[in-house]
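Before any questions on binding or motion, here is one chain by itself as structure tokens, the form predicted alone.
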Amino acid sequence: MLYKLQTIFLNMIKKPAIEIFQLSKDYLESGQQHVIFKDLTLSVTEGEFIVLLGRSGSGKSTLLNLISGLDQPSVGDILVNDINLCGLTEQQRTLFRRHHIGFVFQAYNLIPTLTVAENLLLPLELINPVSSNDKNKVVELLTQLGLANRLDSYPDRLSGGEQQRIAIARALVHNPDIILADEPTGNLDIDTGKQVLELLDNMVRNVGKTLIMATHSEEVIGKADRVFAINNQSLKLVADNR
């Protein structure tokens, strides 16, 4: 009971990392208006682990894309670190994302012509010229992941679990404030999926990052601070473990 009260107090004094106000997203196709969701409101505290549940096509990936600035809402505002992404140009959103957001994709999205080390150095190169300290950071991160012997390997030589661990490392290497993970275990077998989930949870928790994970798996519910379901164009709180 005391621990829960302490956790609630700490959450009260932390500031919001992400604030979503009356967010709606729809699109026109073949003359028909399709509504993905409407009037979503959500506040995510710094250091929180949020899970988004929902069937395929419910809007989980769309919401992550909106939070990252990869897409723009039809209506509403998204504040990340007090910056309204909806008021930025596409170039400004790209620059903001490079510095503040790490994205873990279900399909890994590793560049096949680059080695593991080069894939991890790329987010750093997009911010500043790569230094020896950056290279050391990559080696240290891969060592933590048990993949130090894969520095010079190409993605097609890695297993699915190894590729996903590299994708997680790439999302963390530039030290972003916020990690967004889109079905990070969707292409993995059960055991490997559990390992990747544990790894992502531990790495984010240890450095106090904010994590939002979209998934259709209910295995992650016990690990998250809060769990929301996207259903019938709305967002509903289904578990609060804080």
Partner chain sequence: MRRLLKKASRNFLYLHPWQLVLAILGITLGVAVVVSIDLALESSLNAFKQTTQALSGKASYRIIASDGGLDEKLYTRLRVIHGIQNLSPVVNGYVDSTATTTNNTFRLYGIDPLIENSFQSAWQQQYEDGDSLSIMTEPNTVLISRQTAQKMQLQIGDPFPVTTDTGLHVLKIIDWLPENDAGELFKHLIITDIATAQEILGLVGKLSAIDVLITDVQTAKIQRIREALPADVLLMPLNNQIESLRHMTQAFSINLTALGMLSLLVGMFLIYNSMTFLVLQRRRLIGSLRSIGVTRQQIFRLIIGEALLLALIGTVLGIVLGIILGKNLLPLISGTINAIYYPVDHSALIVTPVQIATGFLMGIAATLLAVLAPAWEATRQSPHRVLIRSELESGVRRLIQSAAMLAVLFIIAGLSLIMLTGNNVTLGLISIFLMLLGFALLTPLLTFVLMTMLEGGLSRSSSVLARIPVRMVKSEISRTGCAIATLMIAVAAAIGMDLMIGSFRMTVSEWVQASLQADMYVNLSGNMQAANKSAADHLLKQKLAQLDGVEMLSSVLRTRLIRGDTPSKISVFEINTRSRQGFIFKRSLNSEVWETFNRQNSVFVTEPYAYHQGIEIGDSIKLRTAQGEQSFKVIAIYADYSGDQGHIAMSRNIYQRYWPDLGYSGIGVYAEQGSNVVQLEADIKQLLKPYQTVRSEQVIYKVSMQMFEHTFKITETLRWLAAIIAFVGVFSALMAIQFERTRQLGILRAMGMTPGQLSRLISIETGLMGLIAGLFAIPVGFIMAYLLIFVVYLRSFGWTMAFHFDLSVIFQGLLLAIISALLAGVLPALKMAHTKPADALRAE
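None of these values were measured; they are calculated from a predicted model. Residue numbers count along the first chain shown, from 1.
FYI, the form predicted in complex with its partner chain isn't displayed, but the following is about it.
None of the heavy atoms of Ser159 is located within 4.5 Å of its partner chain in the model of the complex. The shortest heavy atom separation between Lys135 and its partner chain in the model of the complex is within 4.5 Å. The shortest heavy atom separation between Asp71 and its partner chain in the model of the complex is within 4.5 Å. Interface residue remark: Glu140 is not counted as part of the site for its partner chain in the model of the complex, having no heavy atom within 4.5 Å. Among the residues Leu88, Val75, Leu95, Leu147, the one placing a heavy atom within 4.5 Å of its partner chain in the model of the complex is Leu95. Between its partner chain and the residues Thr192, Asn65, Ser217, Asn175, the one pair within 4.5 Å by heavy atoms in the model of the complex involves Asn65.
Contacts with its partner chain in the model of the complex, taken as any heavy atom within 4.5 Å, map within 125-156 to Glu125, Leu126, Val130, Lys135, Tyr154, Asp156.
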